[in-house]
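Okay, here we've got a single chain as structure tokens, the form predicted on its own, with questions on binding and movement later.
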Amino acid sequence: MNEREELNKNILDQMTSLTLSSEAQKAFDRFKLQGLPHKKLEDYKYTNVDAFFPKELSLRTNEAELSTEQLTKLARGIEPHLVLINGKVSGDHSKLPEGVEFQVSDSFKSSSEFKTDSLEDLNLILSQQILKLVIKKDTSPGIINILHLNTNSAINTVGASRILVEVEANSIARIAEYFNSPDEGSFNRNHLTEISVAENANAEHIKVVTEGSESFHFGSVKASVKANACLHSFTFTTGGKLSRNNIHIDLDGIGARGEVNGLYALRGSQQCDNFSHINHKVERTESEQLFKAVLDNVSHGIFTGKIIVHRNAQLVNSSQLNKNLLLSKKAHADTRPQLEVYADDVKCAHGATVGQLSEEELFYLESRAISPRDAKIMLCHGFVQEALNKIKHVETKKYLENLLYTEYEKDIHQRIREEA
């Protein structure tokens, strides 16, 4: 029996003792057939998932609480409205604004039928609490900050959590999810957020992954967007040893719009795999996508973007772009923008670039009396700023600009100065 088979057997043996809902039982049956994703699957071509799980993996995390001081340290300046510790809600640190209905259960029926992979099935099996947020009709409660934290008791376990968000008609929702864990220790997080955006509603979802340097993060965002509604999605990743971000958007109603953007800045031996899937199911829908990567040292950035335009989805307008900036000769980027168009009256475009700083742009700045050192810093900052400008919520955008500088750009700028 090889290591992969041992890991799958260990997971299945632990699952047999769990009490499962009917939906979780279906997920368990699927997982038994598939096991963990592997590189022979097209969707996981560049990511060896089981290599990042410890062999003696424990599926359930222990309940834990944090003091106010501990939470403040892990929060990194965020003022949370909802706090999850090791996958469970902390009532002591959570308070949602008016206009938001909140429920906790061990099972909620999904509002849409999304195709799942085995890690998403694992999430449903292991989630002990499923959270449901309802943004009430005709309301605008402001930004909702959700903070996902791990404690040391969660090392070598799988912290599973699941949130369903219903944005009712004519409302405006702004949700930011932050995934933080201590710098030391191997944490394995598996999270899914499902969003339903009703007619004429406007939703923004921002996901921020700043896990510890030895952590594995798997997260999915699945959304359905109804007629004349809009969803803005942004994924920001600087942390974790391996991160996998799945994004699946269904544009279900005429006039629906989806903006799916992201930024991943990696260094060391970090790997980040972003997989987006946008479904244009009906006519007169729009989507726009921009993912940018900055890769240093021997880091590995992966982007797969799949846009599907169904047969009756005429007058669709869709664009997709992935840009990768390599700051080291050993950094590696894999990019696969894809279009599947089955309608004939559409406007679709996709593209990808991989390269280092432009010599022409550097020469232009230097010819304006800017030093080579400062020219490189300016170009690096300008590259990431285009992606950050896609964030609609001003306060969150400013926070992420500062976070990117302290967590990533500061060290890059220092190295450029030393090399100058």
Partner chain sequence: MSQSDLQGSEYKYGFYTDIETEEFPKGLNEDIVRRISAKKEEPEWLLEYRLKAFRHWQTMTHPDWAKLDIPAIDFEDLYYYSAPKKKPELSSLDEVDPELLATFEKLGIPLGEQKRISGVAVDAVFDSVSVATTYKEDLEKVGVIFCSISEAVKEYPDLVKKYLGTVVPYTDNFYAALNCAVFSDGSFVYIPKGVTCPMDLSTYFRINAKETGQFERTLVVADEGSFVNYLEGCTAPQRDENQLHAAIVELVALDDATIRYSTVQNWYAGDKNGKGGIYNFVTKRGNCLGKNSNISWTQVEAGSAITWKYPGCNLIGDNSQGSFYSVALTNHKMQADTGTKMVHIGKNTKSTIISKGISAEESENNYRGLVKVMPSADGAKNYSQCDSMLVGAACSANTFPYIDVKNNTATVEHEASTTKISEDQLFYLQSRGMDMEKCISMIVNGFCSQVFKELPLEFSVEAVKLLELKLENSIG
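What you see is a predicted model, and the numbers here were worked out from it, not measured in a lab. Residue numbers count along the first chain shown, from 1.
The same protein also exists as the form predicted together with the partner chain; that form is not shown, yet it is the one meant from here on.
- At the 4.5 Å threshold, heavy atoms of Pro337 reach the partner chain in the predicted bound form.
- Contact annotation: Ser67 falls outside 4.5 Å of the partner chain in the predicted bound form, judged by heavy atom distances.
- Using a 4.5 Å cutoff between non-hydrogen atoms, Pro54 does not count as a contact of the partner chain in the predicted bound form.
- The partner chain in the predicted bound form comes within 4.5 Å of no heavy atom belonging to Lys73.
- Stretch 310-318 is the answer when you ask which of 310-318, 214-222, 251-259, 74-82 has residues with heavy atoms within 4.5 Å of the partner chain in the predicted bound form.
- Screening Cys348, Ile172, Ile144, Val89 for any heavy atom within 4.5 Å of the partner chain in the predicted bound form leaves a single hit, Cys348.
- Scanning Leu59, Ala27, Val354, Leu36 against the partner chain in the predicted bound form with a 4.5 Å heavy atom cut-off leaves one residue, Val354.
- Contact residues in stretch 163-183 (any heavy atom within 4.5 Å of the partner chain, taken in the predicted bound form) are absent; none meets the cut-off.
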